[in-house]
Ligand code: BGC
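What follows is a single chain, given as C-alpha cells, in the form predicted on its own.
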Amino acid sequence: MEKELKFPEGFLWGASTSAHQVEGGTKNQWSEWEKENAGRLAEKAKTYWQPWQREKFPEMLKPENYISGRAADHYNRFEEDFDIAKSLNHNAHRFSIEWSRIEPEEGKFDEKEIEHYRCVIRALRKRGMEPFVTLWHWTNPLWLEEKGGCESKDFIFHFSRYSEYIAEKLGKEVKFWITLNEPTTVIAGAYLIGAWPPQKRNLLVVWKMYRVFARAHIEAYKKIHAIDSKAQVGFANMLHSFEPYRRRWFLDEVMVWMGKYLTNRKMLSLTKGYNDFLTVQYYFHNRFKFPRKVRVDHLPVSDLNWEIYPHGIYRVIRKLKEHNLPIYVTENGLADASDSKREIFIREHLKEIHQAIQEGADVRGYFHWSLLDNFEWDKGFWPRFGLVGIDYATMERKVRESALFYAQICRKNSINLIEGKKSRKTLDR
C-alpha cells in the first residue's frame, strides 16, 4: 500500500555549504596549515585508510589533495550553483561567511567583501530561498591566529565585534543566524585528538574551550539581537547517537553518559537561554564497550567508513524536544562518490525525522550536507558529499540522481515510501 509522509506546512528544504570548503581562494589558519601538512597527510593516508578506500580513491595519496586552492570556485559561481539549487526545489540554503575576507587585518573591514555576501544573500532571496547565515565555520583570520586563535583571551571580543559588524551590514536581509559551527567537533579535533590546527592535546584547554565557545556564542547572540530583536539566532551543534554495547553494564553506561554529556549536552547547557532555535548536525552512531567504541558489523558504511544509522537522528531529536524550541537539521549527509546510497540515506533519515515530528518535536527544516562536493578539511577532496558533483579539473557541475530524488521530496513536502522502494537502492555494504 502506498504511504505518504507529509511534513509541516512551511517546512524548509535545502542544503548546506561552508565558505572554506567551497569558495576557494581563502587565506586563513586552515589554508596555511594545509600547505604545511599536505605531504604528511598524504603519507599518513597509506596506513590510516582501509585498503578498499585507498584503491577506490588513490588521490588521497597525493599531497595536492590536501590543499583547498580554488575548492569548488563557489565564490565566483554562486549564482550558477543557486540556479541548480532552485531547479532542485530548495526553498532554503545554509552558507557561511569567511571571516578572513571580511576582516583581513585586525579592526579593518573590507566593504567589497560585505557587498559580495550581500549579493549572495540577494541571489538566494531572488530564487525564493531562505538564507541561513553561519558566521564562523572553523576558520580564523591569520592576525587572530597569531594572537592565539580561539584560545586567545581576546577571541570572544573579536568574534562578537565581527558578528555585530556583519549584523549591522546584512541584518536587514537575514532572519536566521548561526553563530558557531560545531564547536565540540573543533574541541575534539584540535585539542583532544590533536589532529587539526592548532594540534594541541591538552585536557585543560579542552575544558576551557567549552566556556570560550559558549561565551562567544552568547555575546554574538546579544549583539545580533541588539540590532534586530526579531532575529533568530542559534549555533550549529554536532549531535551523536550513543548506546552501550551491553545493556545495564555499568562501565558501558558510564561511557555513554560521558559521550552524551561532552558532545550533545554541555554546550546546550552553557548557552541555555541564548538560543532561539536548536540545530541537529547528525553523522555518527557510537556503541561503547568499555573501554572503547566498537563497530556494529551489520551496519552499512559511507566512503569514509562511517556507520550509517538513520534511527540515531530520531533519538537525538527526541531528546532535544524537551527544550521546547524550534529545531532545524542543519547538516546530515554522507560521502558517497558512486551515489549508490545517498537516495535511501535521505529517505530513511527523513522517515526518522518525520516520526519525531509526529511525536511532538518542532522540526522546521532539513539541510542536506552538502549542496556541492567540497574540500573536506584534513581529508581533502576525495570524500564526495555533494548532491551536485564537481569535476575539479574543469569545475563542471553535475546533478546526481539522488539530488533529483530529494528534489521531489522538496517539491511535494512529503516522502512517498513506495516511490522510494522503486529505486531498488539499498544500504548494503
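From a predicted model like this one, the values you see are computed outputs, not experimental measurements. One rule holds for the numbers: they count along the sequence shown, beginning at 1.
Separately, the form predicted together with the named molecule exists; it is not shown, and the next lines address it.
Within 4.5 Å of the named molecule in the predicted complex: all of His137, Gln281 and Trp306, by heavy atom? Looking in the predicted complex, the three residues His137, Gln281 and Trp306 all sit within 4.5 Å of the named molecule (heavy atoms).
Partner-contacting position among Phe57, Trp49, Trp33, Trp377 - heavy atom within 4.5 Å of the named molecule in the predicted complex: When the named molecule is considered in the predicted complex, the option within 4.5 Å is Trp377.
In the predicted complex, which of the listed residues (Asn181, Ser100, Ser96, Ser163) lies with a heavy atom within 4.5 Å of the named molecule? The residue in contact is Asn181.
Pick from 377-385, 358-366, 393-401, 38-46: which stretch has a heavy atom within 4.5 Å of the named molecule in the predicted complex? Among the candidates, contact is made by 377-385.
The named molecule contact at Val174 in the predicted complex, heavy atom, 4.5 Å: No, Val174 stays farther than 4.5 Å from the named molecule in the predicted complex.
Hey, in the predicted complex, does Asp81 get a heavy atom within 4.5 angstroms of the named molecule? Close contact is absent here: in the predicted complex, Asp81 is far from the named molecule, nothing within 4.5 Å, heavy atoms only.
Met238 near the named molecule in the predicted complex, any heavy atom under 4.5 Å? It does: once the named molecule is placed as it appears in the predicted complex, Met238 has a heavy atom within 4.5 Å of it.
May I ask you to list the residues of 326-354 that have any heavy atom within 4.5 angstroms of the named molecule in the predicted complex, in sequence order? Contacts from 326-354: just Glu331.
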